[in-house]
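Below: one protein chain in two forms, given as structure tokens, structure 1 then structure 2.
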Structure 1
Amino acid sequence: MIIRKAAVAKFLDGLLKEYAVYIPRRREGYSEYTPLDPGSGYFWQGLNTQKPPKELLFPHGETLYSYRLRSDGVELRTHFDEEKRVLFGIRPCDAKGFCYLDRVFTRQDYQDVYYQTRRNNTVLIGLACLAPTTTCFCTSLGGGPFDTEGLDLLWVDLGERYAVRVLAPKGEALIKGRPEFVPAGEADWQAVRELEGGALGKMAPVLDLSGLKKRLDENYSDSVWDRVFEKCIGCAACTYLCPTCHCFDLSYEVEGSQGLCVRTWDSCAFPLFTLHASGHNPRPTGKERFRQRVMHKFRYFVENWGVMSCVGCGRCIIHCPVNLDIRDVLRQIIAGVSA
């Protein structure tokens, strides 16, 4: 399908009757997904946001239940976020990130009902990347600037118009019968293919990660781990900004005899993450913690779920305060010599 850019604001305002619409926006040097207000007009900034849209399905902090102590016991109430949402302008790498969170939070044995409720109520409208940056490496991890995994619609910027690929029933339902959309012609799809070729041409050369898993299977005790973590200050920015990192903490917020059980993001980069009450810590130094991050993404996740839990979005590279580049780390590991 095709939609003129001039008609997008009307389309989005129409969506607001049924959905909350989140779009990427920049403000004061900081970018994230924010809700679109009705009638505010459509102000498009094609953005690879600083914060990934992860928090819209898996919030930085959320209440799992509230409790109230009573003389005869306790009263528990659950809180589910059932807002119907459209995430508009999500990057293919971020959409792929949700597919990895899906694996963890919607397993056969346990369903994370909080995540699942949001996921079921969310429609993902992707925007193809026309200008990948130097930190992008999605193509090294099976993705691409026009990748469709996890998306319900993929929009491609054709200048004055967007070409819209319909990918899933949720996406189809969203635009069905909407007068803003007209069928695309063969020339439009030819333009999409040319843009995709152009975007791929701007990507940095693909990192060959084919031997990585095998190296990690063997190098747990390798001296490479004594070196690669040294710059890391353990700030955890990489894990907080990662679209696939899912570790969390559970704690209580208390007010008298009532309170909330809250879930907040946590990180393997923090020493307290694994510290036992006894004082023992199985990952006592930055070396073990850094190794855990790499091993989890590129070895353990592969063993449990068949894929590396990295989408190549590059946020951990851009925002690392000490310029630690995961691509360099992976190169060193692949080239490493066993101790």
Structure 2
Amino acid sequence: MIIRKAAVAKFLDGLLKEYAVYIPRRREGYSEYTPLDPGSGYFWQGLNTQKPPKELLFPHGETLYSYRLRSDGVELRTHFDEEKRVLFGIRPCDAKGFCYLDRVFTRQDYQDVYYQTRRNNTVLIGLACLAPTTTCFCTSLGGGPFDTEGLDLLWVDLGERYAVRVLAPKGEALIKGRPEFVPAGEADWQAVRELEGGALGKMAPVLDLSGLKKRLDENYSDSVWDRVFEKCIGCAACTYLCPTCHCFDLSYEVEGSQGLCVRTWDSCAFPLFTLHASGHNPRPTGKERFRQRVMHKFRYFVENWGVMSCVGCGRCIIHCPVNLDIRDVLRQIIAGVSA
């Protein structure tokens, strides 16, 4: 399908009758996905937002349930977010990130109904990347600037219009019968293919990770870890800005006869993450914590799910305050360089 750029605002405003629409938007000093206000239009310029859209399905903090003690027992109330929403302008790497969160939160044996409810009620409209940056390495992880995994629709910028690929029933239902969309012609799809080839040509060379899992299986006590962790200051920016990191903590806020169970993001980069009640910490220094992050993404997740828990979005490279590049770390591990 084809939609003119001049008609996008009308289309998005029309969705607001049924959905909450979230779009990428730049604020003072950072960018994130925010609710669309009627008539505000769509003016995003750039690739990924600094804050990934994962917090719309897996919030930074949320109340799971509340309770109240009564004379006749306990009154328990669960807190489900059943808002129907559309995420517009999501990049392919972030959509792929949701596929990895799906593996964790919607697995058959343990299902997180809070995440699953939001996921079922969300439509993902992707925007292909025409100009990947030097920090993008999605092609090294099986993705690409025009990748469709996890998306319901993929939009491609053709200048004054967008070409729209329908990828899933939710996407088809979203645009069905809307007059802003007209059929695309062969010339349009030829233009899409040329743009995809151009975007792939701008990507950095693919990082060969074929031997990474084997190296991680063997080098848990290798001296390479003494080297690669040195720059890390444990700020956790990499994990909080990562579209696939999903560690969380549960806390209980109690006042009198009532209380809440609250879930908040946590990070393996923090010293308290593995601190035992006895005072013992099995990851006492930054070295062990940094190793855990790498092991989780590139060894343990592979063992559990068959894929590496990284989409190559580059956020951890761009926003690391000490310029620690995960690609360099992986190269050193594969090569066994320890000095």
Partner chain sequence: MKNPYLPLPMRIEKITVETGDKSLKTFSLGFVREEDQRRFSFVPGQFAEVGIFGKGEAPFGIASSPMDTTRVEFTVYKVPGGTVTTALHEACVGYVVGMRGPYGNGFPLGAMQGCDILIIGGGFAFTTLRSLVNYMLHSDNRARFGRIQIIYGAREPGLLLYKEELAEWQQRNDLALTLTVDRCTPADGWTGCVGVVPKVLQEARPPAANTYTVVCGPPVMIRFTLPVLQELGFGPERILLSLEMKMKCGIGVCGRCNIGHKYVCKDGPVFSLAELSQLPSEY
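Because the structure is predicted, anything quoted here is derived from the model rather than measured. For clarity, a rigid core is taken as the largest C-alpha set superposing within 1.5 Å between two forms. Structure 1's sequence is the ruler for residue numbers, which start at 1.
### Correct structure when looking for the form predicted alone
The form predicted alone is the one given as structure 2; the other form is structure 1.
### Query
Does the C-alpha of H280 move 2 Å or more between structure 1 and structure 2 once the rigid core is lined up?
The answer is no, as the C-alpha of H280 shifts between structure 1 and structure 2 by less than 2 Å after core alignment.
### Task
Spell out whether the Cα of P205 moves at least 2 Å between structure 1 and structure 2 when the two forms are superposed on their rigid core.
False for P205: its C-alpha shift is below 2 Å.
### Task
Look at R70 and decide if its Cα position differs by 2 Å or more between structure 1 and structure 2 after superposing on the rigid core.
True for R70: a C-alpha shift of 2 Å or more.
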